[in-house]
Structures are given as C-alpha cells and as structure tokens.
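In what follows, one protein chain appears twice in different forms, each by itself as structure tokens: structure 1 and structure 2.
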Structure 1
C-alpha cells in the first residue's frame, strides 16, 4: 500500500515505558483515517507520536517517503498541521490573527505577512464559513466556532496531512457535522490526508476511509469501516456490558428492564421505537410483536424487549406466531398498540389489536405509566 503517512513498527509511550507496541497504520492522500477506542486507550498518545510531539520508543513514522525524525522543523510544519485538544492561548488576538498563525512556516524572519499570506488566511476563513466573526477576539467565541477556526488555521498552513485529536468533542450535533463537512471538503478539494481520533462512532463510521481500533494498550483492529463496525465487535471494543450498540444505525440502546413482561407492544414500521424506549425509561419490562426481522422496529425491540415475537425478513406472520403473541398478551395483561395503519403485511397485528380490544386489555402508554407510578407509591 502506498501510504502518504504511515507508522512502521512504531512503539509509543511515555518516559521510555512502552504503552502500545508495534503499530502499523497508514493513510494515503485524499483519505481519512480515524482512531476509535475507549477513553485512556492511547489514541492521543499515538497521534502525539505521529506529529513528533512525543518521542518514539521504537520504529519510525514515515511521511512522504522520509522518516519524520529526519525532517527539519520547518519542513515538517509545511507538510503537517494539527488541531489538538490543548487549549490555545491567544491573548488579545482576533480570530483572523489566530488563523494567520498557520502561515508561520512560510513567513520571513520577523513573521510579517505578505499580501499572498493575507489572501490565504481570508480563503481559509471562507472555507470554514467563519467570515462573520473573523474580527472577534478569539477568547470570546463559542467552542464550535473555535474548532472551526483551528481547522482554518490548519488549512492555511497548506499541509499535506492534518492530524486532529477529538475535533468534535464539546460540539453540538450541528457543529460536529459542519466541522466534518469542512474536513471532507478539504480531503477531496485539496487532496489532504487526515488522521484523527473521534469519540462519535456513528460519525467515524460515516466519514472514515480507514478505522483503527485502539483498546487495551494495543491496536486491536485496523480496516475499513465495514470491517470494523459490527455490533459484537464494538460492544467488545468498548466493553459495553449494559445496553447494546447497533452499528447499522450507529445507535446505542440502554439496558432492557428486568422482570417478566407486563405489557405487550404491537408495533411495526418504526412506530414502536419511541414506546419501547419510553417503557425502558420507566423500567417496565415488555414484550413486542409481531415484527418482521427487516422492520425498522426490530433492532430496538430486539435490544430492549424481554421477548419479541418475530418472523424472518420479508415473510408474512404464520399462525404459530399469532398464537404465540396471543398467549403473550394473556400473560402480560395489557397491550399498547402503536400503529393504526394496517395493510396487507400486518393483518396479524390488526388481529392482535382486535383480540386485545375484545378482552379490554388495550391501554395507552400514558395510562400505563400512571398506573405504574401509583403502584410504586
């Protein structure tokens, strides 16, 4: 593989004590490499070693065919830019000034900006859509704006690699998406290689070309998002014991309520999901059905319900399933029906609803929660 930046048998650690050994990862230009893994697993250590901030214990980092330790400070600065978690001290500086510090490797002895430098700073600010607050003091802007400006700063350094340590932490979802969007644009428009660590698995899965999983002081896996993001593996990587992770949706479900189910939820087509979650929140154990295994409701029902009456994907529920559901309804003693659209494929659910009505077991979620609360008192 022809990587632009790669590590060869790299061992990283602090004060000569190895933390993670024999790391072999790399990324080409125009690609995004993302490090994921639990807190304290060593993602930042790897990143800091790759940018020469930390001394390697063994191995090399190769940048564009050269060992990174052989490059001069200035050469490295022209090839590699960073956005780290360390807070930048920018006393009495405007946002524009901060972005302009990216031009440092290109300016002369006294660091005066040329007209071309100024133009590049303006360009970088436009790229991250920060024109509106370019003249504001840097220490008066929001976290989201700050991250964007730091990215602009990295952009106007005109690097070939950008290394980012958890660039989306502390940002709200809108700013997370905007930041990654700019990064994506950088990668495609300027053919930059990106190495970053992310905590948001769903985003990592969507933006990365390659993913490195760091856990238990080792690189556990390294591959494409498709190879990495599998439910069981993510559970294991993060040691998730309570709750579950759905890698297709990138969503997390809490631990299901314990005990025998006391309500049967008739769902389908996504209508059941909010009710499942509400029941889980109220610590009410429930059963769900009848759901085809390609239904939107299925992953969540599977994660949260004590019991699910399901049928294989694209198959109509058979008699056995209906009987099983009815028997469950009797056992539960109450029924919530989440859907009022009944078509050819969910006639079985309609039948269950009628069954519940005939035995006057049908209830509304709110009634159920009130009842539970009263009982608790």
Structure 2
C-alpha cells in the first residue's frame, strides 16, 4: 500500500535502550490510524519518535517519500502538525495568539501575519467552536478548551498529516464528538492523514480506518477495526480479568453480583438494560428472560445476570423455555417487568408477567432497592 507516512523497521526507546522494536506501520492520506493499548505500553513513545521528539534507535520514518530526518523544521512544519498532551507554556498570549502560531511556517523571518493568515486562524477557531474565548488568556482557560485550541492551531497549519496524543483527554462527551467530527472533516474534505492514540475503545472502533495495538513491548496487532475489536482479543490486550467487553457495542460491563439470584427481570428490546445495571450496582444477583439472542438486552443480560433463559435469534420461545423461566421466577421470589408492550414475538414474556402477578411477585425496582437498603441497615 502507498502510505503517506510510515515507519520502516523502526525501533524506539530512551537513552539508547529499546522499548519497542521493528515497528512497521503506516497511513495514507484520507485515513485515520489509531494506536490503542494499556497505559505505559509505548503509544506515546511511538508517536514522539515519529515526529522527531525522540531520537530513533533504529529504522526510519518516511513522510511523502522522504526520510523525516532529512527535512528541515520549516519543511516538516508545512507537512506535519502535532497535538501532544504536554502542557504548553503561553504566558501573556491570548488563545487567538496560540492558534496563530500554526501559521509561522508560512510567514517570513519577522513572523508577521498577512490578512490571509488571520483569516485562516479565525476559520480554524470556528471549526473547533472556540470563538467565545478566542481573546481570553490561554493560561486561564480549562484543559478541555486548551485541547480544542491546540487542534485549531494544527488545522490552520494546513498540514498533510496530523499527529495527536490522546486528543480527547479532558473533553466532555459533546466536545469529544465535536473534535472527532472535525478530524473526520479534515480527513475527508482536505485529504489529511491522521495518526493518534486513544484510550476510548468505542471511539477508536468507530472513527479509525486502521488500528495499531501496542502491548508487551511490541506492536501486538495491526489491522482494520473489524479485525482488531474482538471480545477475546481486547480482553487479552488489556489483561481484563473482571468484567467483560462487548465488541459489537464497544461497551464494558462490570462483574455480575455474586450469590443466588433473588430477582427475575422480564425485559426485551433494550428495556431491561438499565435495570440489569442498577441491580448489579446494588449488588443484587438476578436472572433474566426470555430473551432472543439477537435482542438488545441479550449482551448485557449475558454479562450481568446469574442466569439467563434465552432462545436462538428469531426463534419463538417454546414451552420448555417458558417453564424454565417460571421455575426461576418461583425460586427468585421477586419479579421486575421492564415493559408494558408485548409484541407478537414476546408473548411468552407477557405470559411470565401474568404468572408473576398471579403469584403476587411483581415489584417495582425502587421498592426492591428500598427493601435491600433496609435489610442492610
């Protein structure tokens, strides 16, 4: 593949001591390459080595057909922009001034900005939705606001590659999505190549074209999100021993509560998920059913319930499944029904609800949690 920036047999480390050897990765323009892996695995070290912040121990980084070591600072700055996690010192500078430093590769020796330069600075600030504090002192804004402005600085640099180390750090949910949307726009509209590290696996899975997995002093895997984000592999990569990871939803679930189930939950269509999680938080072991294995409730119930009565996808529950669920209801002694709507495919759940009512076992979640709290006291 014709990569715009790539590593060839790159070895990285500190003070001449190798940390990760023989790294061969790359990304083309119009693509996003994301590094994931445990804390301390070497993701930042790889990025810093690719941008010349750390000296390579071996190998080379190739940018647009040239070894990056052969490019002057100005040549490199016109092709590559950097957004790293280190705090930037910007005393007596406004936010606008900081973003404007992205234009310096294009100015003369005096660093004077032209009208066109100023326009590009303003456009970049608008792209990251930072107009409201553009004239504020940079050292008096929040970490999240700084992160957005540093991205704006990279944007107005008009690079062909943007390298970002944990760009979503310090950002709330809204601004995480806005930042990644800006990156996607840069990739698609301006044909930029993006190389970044992320901790949020759900975001990495959704936004990346290729993913590099860094662990155990090596590049453990390198491929598409579909190849990388598999339940068993992510558990192995991060050494997850408690809880579970679901690759379809990109979600993590806690360990199920211990003990014999004392509540049976009737759900379906995603209605049971909030109740499953609330029961787990309150350390209440529960059973669930009857759930088809293509139902939204299934993966969370499977992760958190002590026992699940289920049937294969698109299959109607048979008499045996209904009887098994009724036996569980009797053993549990309490039933929570999360829905009042029963379609043609979940008439068995309607039957279970009627069974619970006939046994006076139906309860509301709030009543159950209040009862548990009283018992604990």
Partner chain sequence: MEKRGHIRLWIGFAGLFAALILLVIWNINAGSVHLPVSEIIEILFSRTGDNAAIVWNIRLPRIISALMLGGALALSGFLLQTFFANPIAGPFILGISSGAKLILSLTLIGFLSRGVAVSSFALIVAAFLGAILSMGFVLAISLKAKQMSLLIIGGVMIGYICSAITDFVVTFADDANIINLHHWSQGSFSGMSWSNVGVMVIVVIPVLICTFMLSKPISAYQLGEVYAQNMGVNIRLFRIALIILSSLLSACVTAFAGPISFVGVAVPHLIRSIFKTAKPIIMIPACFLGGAVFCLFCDLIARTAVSPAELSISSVTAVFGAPVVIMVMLRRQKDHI
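Here the rigid core means the biggest group of C-alpha atoms that line up within 1.5 Å when the two forms are laid on top of each other. Numbering follows the first chain given and starts at 1. Note that the structure is a prediction, hence the values are computed from the model and not measured.
Taken from the form predicted together with the partner chain, structure 1 is distinct in origin from structure 2.
Superposition of the core reveals a Cα shift of less than 2 Å for residue 262 between structures 1 and 2.
Superposition of the core reveals a Cα shift of less than 2 Å for residue 169 between structures 1 and 2. Fitting the two forms on the rigid core leaves the C-alpha of residue 271 displaced by under 2 angstroms between structures 1 and 2.
Here residue 140 exhibits a Cα shift of 2.4 Å between structures 1 and 2, evaluated on the superposed rigid core.
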